[in-house]
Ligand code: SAH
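This document starts with one chain, in the form predicted alone, laid out as structure tokens.
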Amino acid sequence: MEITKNNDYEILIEDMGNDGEGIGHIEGMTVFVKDTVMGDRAVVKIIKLKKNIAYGRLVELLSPSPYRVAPVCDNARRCGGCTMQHISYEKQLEYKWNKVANCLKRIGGIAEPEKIMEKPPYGMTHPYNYRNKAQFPIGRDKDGNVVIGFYAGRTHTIIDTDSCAIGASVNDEIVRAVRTFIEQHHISTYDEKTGKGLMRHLLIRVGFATDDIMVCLVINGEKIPDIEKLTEKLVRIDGMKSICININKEKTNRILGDKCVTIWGQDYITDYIGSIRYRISPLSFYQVNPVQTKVLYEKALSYAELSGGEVVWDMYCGIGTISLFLSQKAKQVYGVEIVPQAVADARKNAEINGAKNVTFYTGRAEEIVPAVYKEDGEAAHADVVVVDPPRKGCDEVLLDTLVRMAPGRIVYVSCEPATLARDIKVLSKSGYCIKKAAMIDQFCHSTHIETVVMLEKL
């Protein structure tokens, strides 16, 4: 039987792909089908056909998988945020654990990753309402109505949202207030095609331990007409600490511009992870799931195996979140970060926590490390190095720097198992061996994964 585009076929979903899509076979050809679950029997329409693979759209579910559940959110299938909400949480955790193991084996060259990976993975008791940060694009639908929500998967079409199952519950009230303000005061909204219109995004940050709230309105201009009317509503919300605008006039997909102007309250909010207090500004990088971040940082601290006399280097240190956690048990911590605003926040965070054994540097690690080594000599040589790079992983120059630093242990925190495995393979060729790994579910109901591994120098 020849497979043809736009025809319907019955298929059994046997596996799941990297993006959480179901995988089945028709006449030996691999078919990827979004919105399906391992164990589903379904009718799918072939919408894209290549030489050896095809992509299908779910037409009819003939018999559901035992792992299929009803999504909590009505928009889950369309929204690009919770692509796995239709899969039982236990199966999500199993899928993510296996994904890390497969990457370590296939890309990293680890023969038996299951022997070094902790099991079970670290999931959440209540995997909802966990996000302390939400970024809502603002626009209009084809009828001119204001829409505030999330982008549909792989598009910039905004799914209008009244409530989000994984966001902080206070977000719903703030979104309603902003929507009403835009409608009543006839404020223009940004159009990506023309680059015109004022309101671009609504950014909300919430301190889960402090209940502090920040509202940041991203605009294509310098000011918002009648903003005092919106401010009057927002300040009535319990916990509101900061209201600001962020100016982004660039015709770009980048959400935030470089300039923030506070129009009410503080320039920041605060939150705690464990006993460490952090100051968070609109541009700060801060992990979005505070419950699981505590699990992650405690695991990183455990893998560092500090006894109190070690010198630790923290690469990609951001606002000092991991650095300050490590400082509780280290002799000295050096943090390196290329973003100046983040380093300013990191130094302030060290100050408010009374951490005198932490020093932060602005710049590239491959430039900072040799300079500090030259100045401080043996006192700066690393016993432990922690890296927490972006999704693309560590670049070659940084990996070379790590090898030349020759720490006894490297703790690698990763949000992308494929680049983690790639970098581990490089480090293993330079005398490092992976000893432990843990998968921590920071991003419940999505395919994103957080992993922490410990490597030792042979």
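Quantities reported herein were computed from a predicted structural model and do not represent experimental measurements. Residue numbers here begin at 1 and follow the sequence given.
Unshown form predicted in complex with the ligand; subsequent notes refer to it.
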Item to complete: Would you check whether the ligand, in the predicted bound form, lies within 4.5 angstroms of a non-hydrogen atom from each of F136, Y190 and G257?
Response: no
Discussion item. Partner absent here, but in the predicted bound form, which of 170-178, 73-81, 285-293, 372-380 has residues with a heavy atom within 4.5 Å of the ligand?
Written reply: 285-293
Item to complete: Go through E94, E366, D271, E310 and name the one with a heavy atom inside 4.5 Å of the ligand in the predicted bound form.
Response: E366
Worksheet item: Looking at F150, F208, F360, Y316, which has any heavy atom no more than 4.5 Å from the ligand in the predicted bound form?
Response: Y316
Worksheet item: Hey, in the predicted bound form, does D345 get a heavy atom within 4.5 angstroms of the ligand?
Response: no
Worksheet item: Does V333 reach the ligand in the predicted bound form, with heavy atoms at most 4.5 Å apart?
Response: no
Worksheet item: If you check in the predicted bound form, is V339 within 4.5 Å of the ligand, heavy atoms only?
Response: yes
Worksheet item: Can any non-hydrogen atom of D388 be found within 4.5 angstroms of the ligand in the predicted bound form?
Response: yes
